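In the structure tokens that follow, a single protein chain appears in two forms: structure 1, then structure 2.
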Structure 1
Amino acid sequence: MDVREYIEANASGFFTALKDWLAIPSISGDPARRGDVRRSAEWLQAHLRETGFPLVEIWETGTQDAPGLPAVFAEWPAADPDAPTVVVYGHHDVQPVEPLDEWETAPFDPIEQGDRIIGRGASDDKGQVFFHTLGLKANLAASGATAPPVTIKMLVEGEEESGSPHFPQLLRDRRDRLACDAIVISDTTMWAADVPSLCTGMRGLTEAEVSLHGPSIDLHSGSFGGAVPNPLHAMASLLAGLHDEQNRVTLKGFYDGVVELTDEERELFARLPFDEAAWLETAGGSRAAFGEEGFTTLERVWARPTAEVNGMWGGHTGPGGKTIVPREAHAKVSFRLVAGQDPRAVQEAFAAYVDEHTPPGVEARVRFPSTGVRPCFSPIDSVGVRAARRAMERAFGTEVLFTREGGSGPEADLADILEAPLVFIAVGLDEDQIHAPNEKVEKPLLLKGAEAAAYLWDEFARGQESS
């Protein structure tokens, strides 16, 4: 029985089990769901044992006083003690589901509808973690071996959708157990169902909250308007000044050290069949592309740093008019970062920018809810990326191109702390509605993911030998 036959024979049971897991509402951002995140970890633990992993553990995170949410670790050593070791990373927690009334089915009552499974976590990230179990069993069924050709260590965390606050510490604490030659990430997307691709980088992220305080009370704009500073005016100017006329971010030193795109990468990106009108349709029917001058839309999203105002508020926001000079204004701002940028340096630059642009009579407070997420980047000619490309090409039977991911994850910490290169292999699609109502995954792509995962371990073993 070859890999593909094994996968086809076991597809139905695979989907049934996945739906079982998706029914657990493991929302890490909701304190009321802590028990569900734990149930999700226990479910996965049981399933990885059933898959055949000789060692499966639940790893607690955080401290006794401030406990985090559990990760799952599993290890299956190769028969050959000299075979390479690979860590497979994913996460078992999911995004919140609001606005609930826009879901056409219950988010935690997953259903199969035609070629799809619909439910929170179907694509991000339970479905993509799960194809590795089917892929590994297919690899073993095809080879007849009782152990994989490389040592496989699965690490599936439970706080990714909450910014992985305890993950770096977990990696540091468990560095010896996680020693590896490469890290396989299955938490991204590929270009399209019929254009398979590999991701080679993700943007970093840092978030800030800024509040501007003026008078201690809202003032009558008739009695005081035009003669005291208005915090909303100050906030508008502050936010408007974050971009220049070329739509470049104006923070001092923001672009220092940015790893620029090479001509080869720009050419490879340009080979992708990108339909901007269709992309705008997926962007909530956005009416026009818009961004940093001198770059294409794909380059802007994948390889350029940005500043984005995520929310702002202040003054009278209810019905009717209220002619006031409001006492305060607030905004939430986030920055997407690319290779060569450091979240802490960007935080410092933003604090300095706010300080410099706050007018007399207004007091600014800036808060950074976390230290941020570092960007990551994998050269396309590395051993691991080459092995993954061959595995994907065997599974899909066609040429595999390269992309990057505009989103952010804890991947940079993995690479830095475990000191190993990253390899992104995934079958999610941009239209999977992750982080939105009606999240779904394409069943045929999950099976292709399992098939690529099955080939990957042989390609890895071969690649390491030849390198």
Structure 2
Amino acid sequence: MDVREYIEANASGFFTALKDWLAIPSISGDPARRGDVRRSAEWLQAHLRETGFPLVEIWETGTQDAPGLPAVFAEWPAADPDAPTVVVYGHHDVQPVEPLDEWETAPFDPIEQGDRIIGRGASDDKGQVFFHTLGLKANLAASGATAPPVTIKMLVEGEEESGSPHFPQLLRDRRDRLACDAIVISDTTMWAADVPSLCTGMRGLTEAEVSLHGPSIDLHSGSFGGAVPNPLHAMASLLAGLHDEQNRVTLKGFYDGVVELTDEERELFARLPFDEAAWLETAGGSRAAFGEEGFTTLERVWARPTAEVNGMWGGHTGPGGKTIVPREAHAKVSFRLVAGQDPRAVQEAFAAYVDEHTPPGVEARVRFPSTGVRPCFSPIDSVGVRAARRAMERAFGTEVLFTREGGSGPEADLADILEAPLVFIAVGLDEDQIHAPNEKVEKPLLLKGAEAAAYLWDEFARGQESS
């Protein structure tokens, strides 16, 4: 029995088991659901043992005084001790389900409806974690082996939808157990069901809040206007100066080290069937594309850093007029970062920019709510990405293109702490409505994901020979 035959023969049982797991409301952001997140980890632990993993453990996170939510670790050594080792990362926690009245079905009573499974976590991320179990069993069934061609370690965390607060420390504490040659991420999307693709990077993020303070009280603009500095004027000027005439960010050193797109990447992005007019409709009916000159819309969203003004307030905003020089002004700003940028360096550059552009008589305060999220990136010519592309092309029977994602996650921590390259292989779709009511996953794509995972381990074992 080959890989595809095995998957087809076992598809029904696979979907039944997945629905059992989806029925557990493992909402990490709801303190009342902590027990359900643990129940989800225990369910996965039992299933991975049933799959054949000889070692499966639940790893606690946090501290005794401030416990986190559990992760699941499993390991299946290769028969060849010299074979590569791969960590598969995913998460078993899910988003909240509100607004409930917009769900057409009960979010934790998953159903099969045609070619879809509908339920919270179906795509993000239980379904995509789960296809690895079927794929591994298919690989072994097709080869007749009792161990995979590479050592496989699975790490499935329980706090990703809550910002992975304890995940970096877990990685540091368990670094020896997680030692690997590559990390496979199955928590992203493809371009479309009929246009399979591999993600090769995710942007990072850092945020800031700026406050400008002038006089100690609001002043009468007739008596003082034009004679003392206006904090709102200063804020407007400061924010407008964040971009130059080419819409490039003006922070000193902002682009230092940025990994530029290669000609091949730009050519592959351009081959994606992108309809800009339709995309603008999804962008709240935006009337025009906009951004850094010299780049396409997809390149801007995926591979270029940005500065965005998220909010600005101060002075009189109520009904009627109030002719004042306001005493203060405030703004929230965020920066999306790409490979080669460090959130801390961007924070330092922004603080220096604010200091330099604050006029005399105005006091500036800049606050950063966190250290930020680092970007991550996988070169398309790397050994792991090439192996994943071959596996996907075997499964889908067509050329696999490349995308990136504009969002952020814990992937950079995985790459940095474990010192291993990332490989993204996933079959979710943008229309799966992740984080929204009526989340779904396409059953045929889950089976294609399982097939690609089955081939992936052979491709990794072949390694550099096929690259």
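We call the rigid core the largest set of C-alpha positions that still match within 1.5 Å between the two forms. For numbering, take structure 1's sequence and count from 1. Keep in mind the model is a prediction, meaning the values are calculated, not measured.
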### Task
Report the structure number, 1 or 2, for the form predicted together with a further copy of the same chain.
1
### Query
When the C-alphas stop fitting one rigid part best and start fitting the other, that is the hinge; which of 201, 178, 120, 254 is there, between structure 1 and structure 2?
201
## Note on the structure
Rigid-body analysis between structure 1 and structure 2 gives the smaller part's rotation relative to the larger, in degrees, as 17
### Query
How many angstrom apart are the two C-alpha positions of residue 362 between structure 1 and structure 2, if you fit on the rigid core?
11.0
